[in-house]
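Only one chain is shown below, in structure tokens, and it's the form predicted on its own.
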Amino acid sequence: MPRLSEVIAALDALWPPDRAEGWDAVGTVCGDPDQDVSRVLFAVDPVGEVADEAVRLGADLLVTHHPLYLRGTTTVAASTFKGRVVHTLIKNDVALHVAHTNADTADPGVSDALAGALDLRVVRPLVPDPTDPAGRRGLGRVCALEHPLTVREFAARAAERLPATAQGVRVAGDPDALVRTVAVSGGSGDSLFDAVRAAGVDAFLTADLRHHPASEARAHDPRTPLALFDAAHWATEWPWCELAAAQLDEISDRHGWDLRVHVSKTVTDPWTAHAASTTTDHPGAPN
């Protein structure tokens, strides 16, 4: 049975902390380096429901994609939401480790897992990491479809392959336009539109697209309009949990650790319902 320090060293080799963005907060949040680890749970968000799940599972280590404290804090009092998470984990001897932007740009990383879930062939990083001579690391991925699909068909594939959320997948574009190449980026991606345009792809799938950046991206070149697919943030990053769990499984087998590795199925997307517009008394409404 490995110690926490040994497991963390293996995870840091997959996602080196020094490759995280300067504003990020990655690494081990709580946990005794000398404690034994027999069961690990992967999840996107370090929220109360996931901490409780880790306790019920008997996990010794919770690995999440999103940080618990991104902007720092002056208290971990149990009277605060995040403080309750810390208390739950520490009282039950559950360590917490975070791999965020260092997992986004890894090879393979968050966007590779997203591409895999959508059955896309990865061609190259969308924003290459200049420190990688092999040209495989970086933010987002430029991908190709095995066979062209219409925008409508690709949206249906994304809705079917990604975890179900109240939002589903929003679409901007001609439903009958063909999609042969797609840029994907797990999590919030509307800061990447310059790179997406430079990649010359037919479509972009990401999360958290805002009105103005999306409108400007659609209007940038009317001759070859970019189709947009806006999925839920949590749903675009959850496939990484399965990838990361498989990577740790392989490390465990190689070292003879006999770890039990799990992926949380708890839906931590904050939106719980979606009501489609039904009014007919506004411009553009169906007759």
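Residues carry their position along the shown sequence, with the first being 1. These numbers come from a predicted model, not from an experiment.
The same protein has a further form, the form predicted in complex with another copy of the chain, not shown here; the description that follows concerns it.
With the partner omitted here, the residue from Ala195, Leu145, Ala172, Val122 that has a non-hydrogen atom within 4.5 angstroms of another copy of the chain in the model of the complex is Ala172.
A heavy atom within 4.5 Å of another copy of the chain in the model of the complex is found for exactly one of Asp129, Asp93, Asp202, Asp112: Asp93. Of the candidate stretches 102 to 110, 176 to 184, 137 to 145, 152 to 160, only 152 to 160 has residues with heavy atoms within 4.5 Å of another copy of the chain in the model of the complex. In the model of the complex, another copy of the chain sits within 4.5 Å of a heavy atom of Leu228. At the 4.5 Å threshold, heavy atoms of Thr28 reach another copy of the chain in the model of the complex.
Contact check for Gly72: a non-hydrogen atom falls within 4.5 Å of another copy of the chain in the model of the complex. Using a 4.5 angstroms threshold between heavy atoms, Asp32 counts as touching another copy of the chain in the model of the complex.
Every residue of the trio Gln167, Arg210 and Thr278 has some heavy atom no more than 4.5 Å from another copy of the chain in the model of the complex. Shown without its partner, the chain has Thr74, Thr75, Val76, Ala77, Ala78, Ser79, Phe81, Lys82, Arg84, Val86, His87, Ile90, Lys91, Asp93 in segment 74 to 110 as residues with a non-hydrogen atom within 4.5 angstroms of another copy of the chain in the model of the complex.
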